[in-house]
Structure formats: C-alpha cells, structure tokens
Ligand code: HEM
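In structure tokens, the next block holds one chain alone, the form predicted on its own.
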Amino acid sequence: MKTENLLDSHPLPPGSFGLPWLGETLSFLRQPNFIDQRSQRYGSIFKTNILGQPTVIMLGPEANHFILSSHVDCFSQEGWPDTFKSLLGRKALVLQDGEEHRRNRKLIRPTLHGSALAGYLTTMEQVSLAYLKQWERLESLTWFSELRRMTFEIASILLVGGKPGEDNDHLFKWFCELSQGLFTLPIHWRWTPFGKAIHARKQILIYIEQAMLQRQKTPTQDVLSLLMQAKDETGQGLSQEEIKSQALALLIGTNSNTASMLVCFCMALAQHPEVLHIARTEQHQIEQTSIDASLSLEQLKQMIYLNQVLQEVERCYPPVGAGFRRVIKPFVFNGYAVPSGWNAMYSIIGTHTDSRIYVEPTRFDPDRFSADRAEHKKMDFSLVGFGGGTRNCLGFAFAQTLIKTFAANLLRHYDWELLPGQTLTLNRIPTAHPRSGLQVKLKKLEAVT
C-alpha cells in the first residue's frame, strides 16, 4: 500500500496529546509509571506529546525489532530530544544516520575493542582498587555519587587523558552539570539547568581541544589519540569537530550508564544474599586457579555467573528507560498508522518486564540467563538496555569490561550492607539509581585460604 494512503486507511494510535505546548512532558518526566499507566489503558502502541513533539510509544520486542531492524528506513536519529542534540552535538555518532553513521562507527569501533580494550584494563583495575581502599576507611558512604566519580575518573583517563586531582575535579563538575541538562526543558538562560549544561559543554570541549593539541605533538594510546589516528579506506579520518563530539559523547555515555549499572548491581546483590554468595564463590574459584593476580580479558570471559547477574541488572534496572527516533516515512504497526514528522519511542522497561518473555518478571533471577533457560532468546530484541541491531551501544564492551573489573574485585575482597531508613525506589534522571544514592557500609573480607 502506498504511504500516502496509510493515514486514510488506518487510524492514528490511541492516546492523548495533553496540554497545548507542554503536552504530557511534565508527567513523562515526573511519573515513574507514565508508560505503564498508558499502556494498561491503550495497549502496546499509543500516542502522546512529550518534549515538544507528537510521539508514538511502542512496547515489546516486536516494536524493538520494527524500529531497530526491519523498518530502520522509516526512522532517523533526529528523534532524540533537542537537549541531546544541543549538548552532545550533531556530529555525535548517536545522532548520525545512513552512510555517515556507518563510516564513522567503523572508524571509532577499534578504539573501544580488541587490543585497545586490553590495554585499558590495567587502568580500570588500578583506579577501582584505589577507590575501594578509600571507601573501606569510611564509616559509611553514599555509593552512587562515589561510583559516578570513580567511573568518570576511569573514563576521563582512558578517553581524553584526564588526570586525577584538581584537573579531573573540574571535568567532573562540568560533566554533572551537562548530565542534568539532558533531561530538562531547553531554556537557555544561564541560571537554568539547561543554561548551566550549555556552559559546561563549552568547558569540556575546550579541555578536549587542548588535549588534542597535546596528542598532535605526542601521540598516546588513549581513545582520543586513537580517534585522531583513525583512517578509512580512502585515507580520510574524522574531522576535528567529529573527534570532539565523539569524545564528549563517549565520556557521557560510558560514565552515566556504567555508574548506573554498578550502583544497581551493588543494591541488587545486597538485597539477594543467595545471588551474592554464588557470584562470590565463582570469583574465588577463578582467583584460585589464575596464575596472575591481576585481571585479564581471559579471566573476565570465565565469569559466567557474573555475566548472568549483570544481564539481570540490565533487565531490571536499565540505565535508560527508552530510545527515541524521528519518523521520516509513514508506517503501520499493529493496525495503527504513524505519520512522518512524529517521534517514535521504544520502551526498554516495557520490554524487560514482558511476561511473554520473562518468567515472573518482577523477580530478580540471574538464572533466567543461564544456557539452559536463556529466556531472552525466546524472541529477538528482548534485552535492549544497550540498544540493538546496527545501533547497539558502541561503548558496551568498554563499559562491560569496566563493570566486570570493579565487580570482580568488589566480590573477591569486600562485603557491604545497606544502611537502614533509606529510599531504594529508582530515580531515572539522568540514569537509573536509588533515590537515596545507596547508603552502605563497606568492609574488607578476611583473606580466603
């Protein structure tokens, strides 16, 4: 059927556009169960108006497959909120489409995989152990803010050559201000969260520019230097603006998602001591059979149960709850027509709690990802915390290596308990984390003999 006839022969999705101008943006940002409430009322596809755009929200692995794989030609990356476009920059890979995206993704990928990734492992472990020793000396700590600082220090060292101390403190402050601006109204006044985020972005880009000048004189083996050296088949590399945008986007993405996964991992294991026991036993077995005390990529591959735990953390607590696209070609899904010019949003949370895929989806159960159960393989695109298809997260291997490195040392050498009287329901802005920040007491384990 011709696309111009779709709207004549199929109805628009059910739902409401809400108030003039604002639409349902405030409810979307403030109500954790916004999608649940409307999906119960309207079903797996419904319309709304959020972040200044008419939007169709689509739930389930079928919707993920439609958007991320089978009908990618109907969508572009323009669907991300204007705040993302302004703060990440339109040269960021996540906002690129078509041949530009394919070419740049191919250039960037080697900086985050293979031999380059193996070279980052020592720094990941050294910084992780240093922070664990700092926290060990505290009576208590609020873990999310500390994990954000730790993962940022690792990311800044490996991505843009940041250095611990005052230099990194400035970068971290700007990073926090920029992150807060991603999910807010794009009001440019200097004192607003978005205005502060714009200023912070400028400061980070100045830092990256200065780091690039240093690497022109003295190349290194961090991501920024590798980005500057990358060439395609024609001998062309990334432009200076593309390098700055990619470095900034990687700095934000790898840090925010990694800190979110880690804090939810720590919370989940404290709440499920039987899972903690199995994960710790696996680590001690690997440790006892390893010749080298330091971690290696080969050791990380042996951590089968830890990988299952992390998949369950991704399912239950995805760092970001949804993905956005712009509709550039009208389409029909589940009998409803969606016009071009709308935004489309696929729900990660809605997929991860789908009872058709996951048995008892509200239960934390890493065994659902074991080889004999593999619930996520019942349907394609059932675990999409880090995207899927050709748009899966390019920094996933980097983030996964960092997470496993920290988790392995935490499980091998430390125990922790949640302090009473805190709120563990999730705040999802800017990424998922307990509202209390996860207040804990950390203590060193006695040596295992």
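Note that the structure is predicted; figures quoted are calculated from it, not measured. When you see a residue number, it is the position in the sequence shown, counting from 1.
Same protein, other form: the form predicted in complex with this ligand, not shown, and the subject of what follows.
Name the stretch, out of 29-37, 386-394, 53-61, 406-414, where some heavy atom lies within 4.5 Å of this ligand in the predicted complex. Of the stretches listed, the one contacting the partner is 386-394.
Taking the shortest heavy atom distance, is R280 within 4.5 Å of this ligand in the predicted complex? Close contact is absent here: in the predicted complex, R280 is far from this ligand, nothing within 4.5 Å, heavy atoms only.
Given that the partner is absent here, does I45 sit within 4.5 Å of this ligand in the predicted complex, heavy atoms only? Taking the distances in the predicted complex, the answer for I45 is no, it never comes within 4.5 Å of this ligand.
Is T254 one of the residues lying within 4.5 Å of this ligand in the predicted complex, judged by heavy atom distances? Heavy-atom contact with this ligand at 4.5 Å: present for T254.
Proximity of T258 to this ligand in the predicted complex, heavy atoms at 4.5 Å: Yes, T258 is a contact residue.
Flag this candidate site as yes only if A130, F144 and H284 all have a heavy atom within 4.5 Å of this ligand in the predicted complex; otherwise mark no. Not a single listed residue reaches this ligand in the predicted complex, so no.
Residue among R105, R326, R90, K329 with a heavy atom within 4.5 Å of this ligand in the predicted complex: Exactly one listed residue reaches within 4.5 Å, namely R105.
Exactly one of L112, A200, A211, V275 has a non-hydrogen atom within 4.5 Å of this ligand in the predicted complex; which residue is it? Flagged contact: L112.
Going through 344-374, which residues have a heavy atom within 4.5 Å of this ligand in the predicted complex? Please give them in sequence order. Stretch hits, in order: Y346, I348.
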